[in-house]
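The chain below stands alone and is given as structure tokens, in the form predicted on its own.
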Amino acid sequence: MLDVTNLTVSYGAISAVRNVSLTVKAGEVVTLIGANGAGKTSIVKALSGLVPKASGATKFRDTDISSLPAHEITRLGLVHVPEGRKLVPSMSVEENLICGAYCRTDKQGIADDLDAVMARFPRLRERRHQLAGTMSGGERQMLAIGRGLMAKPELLILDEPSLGLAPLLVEEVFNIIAGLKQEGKTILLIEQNALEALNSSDRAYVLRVGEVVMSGQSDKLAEDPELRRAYLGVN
């Protein structure tokens, strides 16, 4: 579904990402893990058209999206749930969800998907008229994921969905990801919480200072001694 070849992202003279290649197949959950500043968010911003690529090629479902703007990439079905949620705090829960469907014209489909998101996240239904800015961190993350689902993603990018959440809410977020995986959703997951990310994914890429240094099946990487010492904090 996604094929990235030799992606390089630069900010002025600084290369944040260097020659990264990765693939995501339909129905997979693939995770990018690494320390803060490793280049994870720069990669997904480049994939979704939010920052320019210095070089490299990106194909999504056999379409070259390397030079497409963000709104056209979203229309193709690659949907990015950004780090920090990026909700509109002065708008209600329902209004934020409907914003997720801005590229769509199928009114009945939008209404059906709105009901489906409310059913998936009952707290959003309870708070549908509440302003997004008054919600808890966990509720805002549910709203951000729900907004992403309203765009009918073929591939959903989740950028640091557990960031800043209390441990119980982190567990709830990863339960949501597990549910989406069970339904066959294709997900590219970016996480600093390496252990949870590996437990929730099929395959993983490990980033260090803008480069892929390890990749493979998540369960095998979770047992790798070097990765356990460097990223999981265990021997």
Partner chain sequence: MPPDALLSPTPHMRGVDQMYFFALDLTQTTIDGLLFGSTYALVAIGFTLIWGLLRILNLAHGVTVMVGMFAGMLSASILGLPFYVGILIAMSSGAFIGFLIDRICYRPLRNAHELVPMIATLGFWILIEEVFIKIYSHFWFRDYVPFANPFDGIGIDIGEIRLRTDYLVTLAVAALLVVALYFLIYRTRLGLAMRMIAEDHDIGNLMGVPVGKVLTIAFLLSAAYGGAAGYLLGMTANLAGPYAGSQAVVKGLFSMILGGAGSIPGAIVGGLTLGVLELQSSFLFSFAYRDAIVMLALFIVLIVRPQGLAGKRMADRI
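Numbering follows the first chain given and starts at 1. Not measured: the values here are computed from a predicted model.
Quick note: we don't show the form predicted together with the partner chain, though the next part is all about it.
Although the partner is absent here, residue 116 sits far enough away that none of its heavy atoms falls within 4.5 Å of the partner chain in the model of the complex. By the criterion of a heavy atom within 4.5 Å, residue 136 is excluded from the residues contacting the partner chain in the model of the complex.
A residue is said to contact a partner when one of its heavy atoms sits within 4.5 Å of a partner heavy atom; residue 152 fails this definition for the partner chain in the model of the complex, lying far away. Remark: residue 65 does not count among the residues lining the partner chain in the model of the complex, judged by a heavy atom distance of 4.5 Å or less. The contact with the partner chain in the model of the complex, taken as any heavy atom within 4.5 Å, belongs to 70 out of 35, 54, 70, 57. Note on the partner interface in the model of the complex: the residue among 48, 42, 193, 200 having a heavy atom within 4.5 angstroms of the partner chain is 48. Relative to the partner chain in the model of the complex, residues 88, 98 and 102 are all within 4.5 Å by at least one heavy atom.
Interface residues of 74-88, taken as those with a heavy atom within 4.5 Å of the partner chain in the model of the complex (partner not displayed): 74, 75, 80, 82, 86, 87, 88, in sequence order.
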